[in-house]
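Just the one chain here, laid out as structure tokens, in the form predicted alone.
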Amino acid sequence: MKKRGIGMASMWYGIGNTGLPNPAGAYVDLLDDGTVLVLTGCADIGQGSTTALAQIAAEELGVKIGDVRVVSADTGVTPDAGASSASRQTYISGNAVRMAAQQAKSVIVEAAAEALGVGVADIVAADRMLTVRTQSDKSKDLVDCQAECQIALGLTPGTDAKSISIVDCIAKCRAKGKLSLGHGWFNPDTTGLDMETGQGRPYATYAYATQVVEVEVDTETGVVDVIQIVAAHDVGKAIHPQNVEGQIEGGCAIGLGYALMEEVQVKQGNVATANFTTYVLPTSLDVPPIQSIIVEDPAVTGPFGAKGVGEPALIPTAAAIANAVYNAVGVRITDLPITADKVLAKLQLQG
């Protein structure tokens, strides 16, 4: 007989190293043609950090992502960014890149404000342009100041000079010997844990998630099949939603393998499962439909509100599967993996 059950598990996860210094640095150079060079020590090991950091730089500078070139993880030229672990790079290196981009942008914003006769707070960068936010509430003095600036630029007073291209603004900076270059670094505000009380602030921000799993258990063989997974993850702000979905789906697949298949066996001091014929991993045929739900609760300290999603994606899966097995057949498996022989043995004891 095959019985179905549903299980749920939730988790919270601290982003970054635990109560330890956790810095990352970056350089951003806004070049003459409006393209951007980002130098970061962040190693992209498949998680998509290079794309996310390029997006952060592009968004801050008001250029297209195709205008951004990222040089990463080159110890000869890039600043330290720490390890690509603890789901920390989007949050920490992302902040460093944004800070560096803000510093580079400040140079051209000042030039644009001068050219357009407004304050730097009135300038917004978008679509490769530096544009005045609004003209509706300008005073007469400001309008007169604009007219003087227009004359200085060779324009007829009263003509529309509400924006200037980033490339033209960079040219004006270069004519004055100014480089649009920025650097930034970020270290989360944390404290170590008190050895006696365990109190402290080990992380600056946390990721949260809940996963729900449906399983089918064969009571005659003990085999567990995962039918579907629904995974809701708070990522702060999804810098690249498709990448976030990929992280969630990949994490669920890893969690499934951890729950049902993967087991390191040691015999007489030797690893008996040293290859993929004995250490079993899930294949595409083992991975069920996964519904990824992206929850965005922006982190105040994150770049555009982003946190992290790497490791959190796999944490609840095994617990949710174990709970679903219990819901289906009423036996609790307390050691992983949940193999068919373990389930069958528990069912036989249950009578």
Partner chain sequence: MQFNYHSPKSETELAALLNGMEDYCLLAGGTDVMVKMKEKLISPRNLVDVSGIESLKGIRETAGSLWIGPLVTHRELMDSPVMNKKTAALCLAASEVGSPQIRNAGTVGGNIGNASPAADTVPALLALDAKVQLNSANGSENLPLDKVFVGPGRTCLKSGQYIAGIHVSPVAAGEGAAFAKFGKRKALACSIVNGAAWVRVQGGVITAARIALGSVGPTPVRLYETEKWLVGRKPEPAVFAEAGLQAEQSVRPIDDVRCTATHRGKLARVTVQRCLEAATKQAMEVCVCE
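The shown structure was predicted, so the numbers you read here are calculated from the model rather than taken from an experiment. Residue numbers count along the first chain shown, from 1.
One more form of this protein exists, namely the form predicted together with the partner chain; it is left out here, but the text below deals with it.
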| Contact stretch among 266-274, 166-174, 179-187, 104-112 - heavy atom within 4.5 Å of the partner chain in the model of the complex | 266-274
| query | If you check in the model of the complex, is Val280 within 4.5 Å of the partner chain, heavy atoms only? | reply | yes
| field | Exercise: Met261 in contact with the partner chain in the model of the complex, heavy atom 4.5 Å | value | yes
| query | Do Gln350 and the partner chain come within 4.5 Å of each other in the model of the complex, heavy atoms counted? | reply | no
| query | Does Asp286 make contact with the partner chain in the model of the complex, using a 4.5 Å heavy atom cut-off? | reply | yes
| field | Heavy atom contacts to the partner chain in the model of the complex at 4.5 Å, residues of 316-334 in sequence order | value | none
